[in-house]
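This document opens with one chain alone, in structure tokens, the form predicted alone.
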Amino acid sequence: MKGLAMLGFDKIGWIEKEKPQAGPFDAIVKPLALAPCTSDVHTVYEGALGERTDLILGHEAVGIIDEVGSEVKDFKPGDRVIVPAITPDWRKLPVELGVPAQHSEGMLTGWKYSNIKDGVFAEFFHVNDADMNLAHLPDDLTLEQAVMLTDMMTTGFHGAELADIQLGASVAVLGIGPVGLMAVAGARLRGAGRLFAVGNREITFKVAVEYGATDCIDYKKGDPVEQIMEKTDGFGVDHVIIGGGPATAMAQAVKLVKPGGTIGNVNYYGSGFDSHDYIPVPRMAWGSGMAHKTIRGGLCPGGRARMERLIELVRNKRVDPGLLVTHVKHGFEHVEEGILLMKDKPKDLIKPVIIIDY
């Protein structure tokens, strides 16, 4: 089979590999829609995961099942499915500790695609524990909507969950790429009152307002911390979600959040080529460690139950993740172009999707 792979640092290309095999609890899936991610850019061009050679990229896919293992009960060949980016090993004892995304085989090992095994940018890809990691794709969701559930929506919403947003509370979302925009939507659903969206591009501000932002803050027009402090009479906000940006975003969040407030981080600090081994936390803004400012960070939840809950939000018109999709290409050969779009980030881009027509 053919797949788009990381050939080494700073280099991608098409390679041939053997088609994966399904174990008794697993499935093999053919892609119907794929979405390149900034994480792919971090992996290839910033050394976020270290050296990888001939590793097929990609972790955002919906597809059609090609084959299933003998013990798979709820899925069969021909079923259209949503495949979460995070696919824990649900049959391993550590999962019972309560953080499946982290405890499959160690920290972050629920994230398998293009991390510890070949990803989804291939003619066929493997899904472990199919009954627990796949969700049926309803006919009333578009492919563009569905593929946004796999990572962007679950990650952005997890930022709102980690920030523990309370009804009527003030919230700031730092970084409104596709994850941050989903964090805006998640914050609104959790009952945010005033909702600040920090970014720069007009296209993302437009979608942020549709998702519920009350104030759009352009970081190129001045320090976003100072801008939000001015608009809140110097008090800051109750909750901050970090959806993207450099390591300095954490410092901004600590400065912005009120004493007693919570920061939810779903930002992937993916730069691995430099010495940024530590995330800065400003001492005085943290009250010298005593300001009761809580920082929570996490890998987005995966698995079937999570996908089915997100499906219900879309089917019942609570949110439309399809608003993230600005570029649609038809044909498997456009996956490479999609990754380069995410790398270069033209002004009219939020998220590209590649549809595979059979």
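No experiment lies behind these values; they were computed from the predicted model shown. Position 1 is the first residue in the sequence shown; the rest follow in order.
There is also a form predicted together with a small molecule; it is not shown, and the following applies to it.
Note on the interface: of 144 to 152, 254 to 262, 232 to 240, 117 to 125, the segment with non-hydrogen atoms within 4.5 angstroms of the small molecule in the predicted complex is 144 to 152.
Comment: the small molecule is not present in this chain, but in the predicted complex one of Ala33, Ile28, Leu299, Val44 has a heavy atom within 4.5 Å of it, namely Leu299. Site annotation in the predicted complex: the residue of Val83, Ala187, Val198, Ala213 reaching within 4.5 Å of the small molecule with a heavy atom is Val198. Taking the partner from elsewhere, Cys37 is found to have a heavy atom lying within 4.5 Å of the small molecule in the predicted complex. Taking the partner from the other structure, the small molecule in the predicted complex has no heavy atom within 4.5 Å of any heavy atom of Trp286. The small molecule is not drawn, but in the predicted complex it has no heavy atom within 4.5 Å of Ser170. Proximity of Gly244 to the small molecule in the predicted complex falls within the 4.5 Å heavy atom cutoff.
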